Structures are given as structure tokens and as C-alpha cells.
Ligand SMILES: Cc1cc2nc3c(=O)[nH]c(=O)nc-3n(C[C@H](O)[C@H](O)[C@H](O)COP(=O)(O)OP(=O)(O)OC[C@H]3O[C@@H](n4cnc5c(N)ncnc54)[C@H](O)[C@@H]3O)c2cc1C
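What follows is a single chain, given as C-alpha cells, in the form predicted alone.
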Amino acid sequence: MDYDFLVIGAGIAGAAAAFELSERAPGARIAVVEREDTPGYHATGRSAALFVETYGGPLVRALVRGSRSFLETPPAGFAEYPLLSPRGVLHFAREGQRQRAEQLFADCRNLTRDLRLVEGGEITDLQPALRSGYAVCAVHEPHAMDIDVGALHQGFLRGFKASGGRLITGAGVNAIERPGERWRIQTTAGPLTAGAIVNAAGAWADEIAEAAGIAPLGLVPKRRTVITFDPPGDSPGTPPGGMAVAGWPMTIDVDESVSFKPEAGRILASPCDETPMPPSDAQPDEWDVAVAVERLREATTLTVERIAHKWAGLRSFLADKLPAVGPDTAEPTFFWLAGQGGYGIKTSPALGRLAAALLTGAEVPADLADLGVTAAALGPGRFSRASSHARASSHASASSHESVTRT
């Protein structure tokens, strides 16, 4: 089959780009290929995402703000229920971290409404599980929201397919070459050709690039561990079966060493680990699980009597912790959409629109440009890469890679 655009990877990044591309370029032949049988099996399906405007650097915050309107009011029929639900977030600071919290408040106070720097008993009023006196101050963002990741992801894919796009699962990429004007992609589901490739392969994006003869960007996948457990059931005044935790905010220390929040009647927690590792089906490490439990014990009055569930996912980072969005400098028909780190879900509407605009030769969408988003700031050209990996020419280069482990 031949396509105008072939998106490699059906996680949130690839799904958002395909959705927006199908809207912007009606009539274009677009396909998304995914190695796994289920889209979103890796990072997307393992994210308990929060829409929070105070998390991430200035450009990430701009992309978050540029995603808000879509998440608050998605297109008609996009999702059966709202994509956002109230949560709030509390960034707390221990002794010695006050300056960090004050700087966060100063940086973000004009970005989101009702942001407050709180101290003393107000901290435990907002998060009663914190030990009294453990936090000296905190930044409270009351309008942070839980994101229904599954509904958002499926909405993108459903809309893309309704516009005539094709989703091909169980289609691992084995080889990529461009002997002429079009790419030839060998997959486990059969051969495909395309005029342009969109590399949205998550932790495997550098491997996909190298398979195509494109210089890698230096992407580093990092493992993040998560556990869930039942809240204690013996606290005075709490309902049978557990503490009244549903209204708690996401709670995280300003140096990101521990986080926790309510999740479907349980508590979801993480040691906020960032362990570099090769692209893989990440599994939780018992040491990191133990670290999560110990940090919770130190910071809170919570007791983890039994871990109900544990898992890990890979968040992929580039050197500057910003995503790469744009055509490769050596081969403009190879388009990067990778390196979203821990911000991929909440920025997906903005990044999808940006990718679709650049893929169709348009400028950065005006609302994103007004927020300070530029093609140069996110383009792969900002990285210096070894010339030995560059394509020999724009028309002839065959991959020496016989297989790419995951997409």
C-alpha cells in the first residue's frame, strides 16, 4: 500500500498527529503503523497524566496552555465524557527547598489562575496525609486536572479513522529505505511505501531513525515506577474501607523525589525515578518499589500494607528536555515527533496541531506562536549530530538494520 504520510507509532503522539493531519489535509492517504497489537501499550497506556500548568519549563508550559482549549472542549463526538476532571496539585517543599518553591511560584503565578504559595497548617489542610511540619511551604495549583488518557487517545484514533485514515497494528518495522522518491518500509504486516515518514515511535525513535539512515538525536528512555495501594481504613471519621482520599490533590515535592494522588479509590504513588535504560517493555524494579514505600513513610502518615498493583513505563528525553518536532535537516521527508518526556499526554493536542501544520508546509499555528512556540525551538536541527550517520544523499540510502525491536 502507498501513502502520503506514514506515522510510525500509535501512542498519544502518533495518534494526535494523525488526527490533526487528517483534519488539515483531507484526502491525503495517511496510515499509522504500530508494532503492538494494542495502540498505546507502552508509555501512553502507563501514564496517570495530569493537566498541570506549573510542571515543565517555559516552552512546555506554553504547549500545555496551547492544549487547554482542546482538552476542555474537544470536537463534537470526540469523547463520550469530559476529558478533564478536577484534581489540583500541591508542590511541597521541605526545609532547604523553600527557595525552589518560591521560584516556582514566581515563574508561574501569571500563567494559571488562583496559584498560591501556602505555609503552615494550610498545607496539611490541603493534604492531610503529609506529616505535620514535614513541608515548610507549598505551591498550590487548584485548577490542575486529571486527564482521561484512554479517552483522549482513543478519540484521536477514532477521529483519524473516521476521516479515512488506516491504523495497522501488529506491524513492527523491520527495515526502511528510500531508493527513489518514496520511502519503502518493510513491516511484519507487509511492505508499505510513503512520501513522508512521521517518526512517533517513542522510546524507539532513535532506532527508527537509524534504520532509515538518519542520524539519531540522542534520545534517552528513562524508567518511571508506579505503585497503587489501598488507603488505611482505621482513621477516625473516615468511611468504611478507607480514608476519604478522593478529593486530595496530586502531591509532589519540588525536587521530584516522591508523588502520590488518589486513583480509582486507591492511592497511586511513585518515587519519581528516572533510570536510563534501553527501549524495552519496562517492568518495575523492586528497589524502586521499596524506595517509593520508604519515601511515602517518611513524608506521610500513610501505611502501605499491601501493594495492589505496580508497573513501570519509559519516558523519553532529549538533552534539553524538549520534544523534537519537525523535518530532519538532512532529509525533510523524515519528520521527528519524539522526546516528549513526562509531558506527552498534556501537550498532545498542541503538538499534534504543530506537527500537522509543519508537515503540510504551514506556519506554526497562530495561538501557539503567540505563546512563544517556534519551529526552530523544537526542530531537530537544534542538535549537532555525527555526520557519519547522515544520509549519503536525499535519494539513495538503504538501512543496514534488519529489524527494529519496537515501535
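Each residue number is its position in the shown sequence, starting from 1. In this text the structure is predicted, and so the values were computed from the model without any measurement.
Only in words, not in the display: the form predicted together with the ligand, which the text now covers.
204, 208 and 315 - do all three of these have some heavy atom no more than 4.5 Å from the ligand in the predicted complex? Verified in the predicted complex; spot residues all in contact, yes.
Would you kindly say which of 267, 226, 252, 322 lies with a heavy atom within 4.5 Å of the ligand in the predicted complex? Only one option qualifies, and that one is 226.
Name the residue from 382, 29, 68, 46 that puts a heavy atom within 4.5 Å of the ligand in the predicted complex. The residue in contact is 46.
Just to confirm, residue 130 within 4.5 Å of the ligand in the predicted complex by heavy atoms? Contact with the ligand, no.
Touches the ligand in the predicted complex: residue 21 (any heavy atom, 4.5 Å): No - in the predicted complex, heavy atoms of residue 21 and the ligand never come within 4.5 Å of each other.
Although the ligand is absent from this view, report whether residue 216 comes within 4.5 Å of it in the predicted complex, heavy atoms only. Heavy-atom contact with the ligand at 4.5 Å: absent for residue 216.
In the predicted complex, does residue 6 come within 4.5 Å of the ligand, counting heavy atoms only? Residue 6: no contact with the ligand in the predicted complex.
Could you tell me which of 307-315, 190-198, 154-162, 109-117 sits within 4.5 Å of the ligand in the predicted complex, going by non-hydrogen atoms? Stretch 307-315 is the one.
Between 151-174 and the ligand in the predicted complex, list the residues on our side with a heavy atom within 4.5 Å. Residues within 4.5 Å: 171, 172, 173.
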